[in-house]
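Same chain, two forms, each on its own as C-alpha cells: structure 1, then structure 2.
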Structure 1
C-alpha cells in the first residue's frame, strides 16, 4: 500500500511542480519587468508608425511607485511633453491588480482635472499599439499558465509559457511569452486570435542593466492585422530615487514638481 502511494506521488509530483513553475515563472517575470525598485523614473519616447510610414511621436516622463510587494498596487504619474500642444497634460493611474484602475487626467487648456473611467484595460495606451495592461501589467491570476518548454530568443535561453485568459473579456485568445531564464524579462510575446493566427507581437529589443537591474530600454509592439507598430525607447532610467506618495495627487497633476520632470 505504501509503495502504491509512492508511485502515485511520483507520477503526480512532476506535473504538480510543473504547473507551479509556470505561475511562479510569470510572477517572477512580472516582478522583474514591472515592479523592480521601490520607485522608478523614465523618459519615454514613443513612435506610433502607420503601415504607410506616417509617424506620430509621443514623449513623456513616467514616474512609478510600488505600494506593496511585486504583484500589488502601484501608482503611475505621466507628464506628456510632446506633441507640443499636449505639453503639461498629465495622467495619473492608481493600479489595482484585481479591480479597475483609477485614472485622472489634467487638461491644461481648460485647466481641469477629470477622472477617467477605466472600463477597459485592453484599450490603447495614448493611441499606441500597447494597451494600458501592457504598460502596467496583467494580473497573473487572470490567466491559466502552461509551460510549453524552452526556446532560444536570439542568444538568450528562454522559458516558453502559454497564458490563456480565464474570462473571455479580452481581445485575444492566447498569449505565448518567452521569459529569459537569467533575467526573467519577457523577450518576446505573441498574441493569438480565436482562429489561431498571431495578431500582435511584442519584442524586447534592447536590455540594459541600470543600477544593477536589467531593464528593457527598447521595445516594440506590432499589430499584424493593421500593420501598425509602436516603438518605445527608454532614457534617463532611475530606480529608488525616493518619489513621495504625495506626488500622486490632484494638486501635483496640475503642477507637477519640476525636479522629477527635467
Structure 2
C-alpha cells in the first residue's frame, strides 16, 4: 500500500522539464539540418530566377561526410553537371568548428584549382541567393542566440530564435530562425540589415522523411533588395552509403569518381 501511495505522489508532483536554451535549440537545429547520417548524397536542381522572370538552371550532385558528432568537422564535395558553363566544375569544403573553413574550386575552362579565401564565404554560391556559408552552415558559436518565443509557420509549432553575429564577418546584422519543435529543422529564416529591414528570406517548403530522417527536399532563398530568388529541389537523397574519406582530396576535384555522381 505504501508503495502505491508513493507512485501516486510521484505522479502528482509537478514535473520540471528542462527547457532548451537558445544555444541548445540552434545546436539541435544544426544537427537536424546539416548533420543527419554519417554521410549523405543528393542530386540538386537549382533555379535562379530574376525579378523579370528569366530563369537560369544549375544541376549538381552533392556529397557530404561527417568526421565526428554534430557540430564537428565535415567534408563536402559538389560536382556541377549543367549547364555547359559550369559543367565539370567541382567544389570541395573542409568545414571546421571555431575556425575558418577551407574551400577549393576546380575550374575546368582554365584547368586550375582555386582556393576560395575565407572572407569570400559570404559570396554568392554560383550566382544564386545562397552564399558559400549557407551551403555548409555557420558555426553556432559564431553568433549570440536569444530565444524570442514561439510562433507557428504554417501548421508547425516553432521556436523563434534571434542570432546576432559576434564579429562583423557577415553582410547582415541579425538572423531570426523559426525552428520546428518536432523535427528541429529551420522552416524559415529572415536576415536583417542594420536598419532592421529584412533583406533575405529562407523557406523550407517541403519536408520528406528519407530513411527515417526528416529532410528538407525543397527550399528557397529570396533577396528582397534585388527581387532575385533561388529555388532548390533535392532528389535521389541517400544517407549512410559509405562515402570514403579519400574522396575529399584535391586529386578528385579534377577527376571526380563517377560511381558517386551518375
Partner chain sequence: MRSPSLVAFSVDHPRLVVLVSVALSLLAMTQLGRITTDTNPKNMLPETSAVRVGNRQVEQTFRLYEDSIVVGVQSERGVLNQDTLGRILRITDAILQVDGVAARDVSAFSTITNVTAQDGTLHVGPLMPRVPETEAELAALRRQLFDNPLFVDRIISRDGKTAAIHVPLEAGANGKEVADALRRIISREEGGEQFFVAGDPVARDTFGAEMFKLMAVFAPIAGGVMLLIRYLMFRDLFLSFALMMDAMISIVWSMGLLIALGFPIHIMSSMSPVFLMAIATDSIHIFNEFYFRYRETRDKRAAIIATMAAVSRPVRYTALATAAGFAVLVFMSIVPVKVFGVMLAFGTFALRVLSFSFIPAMFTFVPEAHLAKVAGREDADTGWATRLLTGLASLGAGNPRVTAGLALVLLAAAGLGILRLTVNNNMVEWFAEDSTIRTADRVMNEALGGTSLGYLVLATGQDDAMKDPRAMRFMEGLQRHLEGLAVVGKTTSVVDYVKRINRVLHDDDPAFDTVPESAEAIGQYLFLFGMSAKPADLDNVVDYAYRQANITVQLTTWDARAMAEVMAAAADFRQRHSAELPVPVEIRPAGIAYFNLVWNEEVLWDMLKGFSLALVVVLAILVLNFRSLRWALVGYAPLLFTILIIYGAIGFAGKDFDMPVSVLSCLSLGMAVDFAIHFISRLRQRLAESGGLPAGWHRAPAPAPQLLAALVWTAARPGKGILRNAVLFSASFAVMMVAPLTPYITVGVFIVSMMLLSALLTVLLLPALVVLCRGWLFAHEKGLVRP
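This structure is a prediction, so every number in the text was calculated from the model and none was measured. By rigid core we mean the largest C-alpha set that fits within 1.5 Å across both forms. Residue numbers count along the first chain shown, from 1.
Handout entry: Form predicted on its own - structure 1 or 2
Key = Form predicted on its own: structure 2.
Problem - Threshold 2 Å Cα movement between structure 1 and structure 2 at residue 86, rigid core reference - result: Yes, the C-alpha position differs by at least 2 Å between structure 1 and structure 2.
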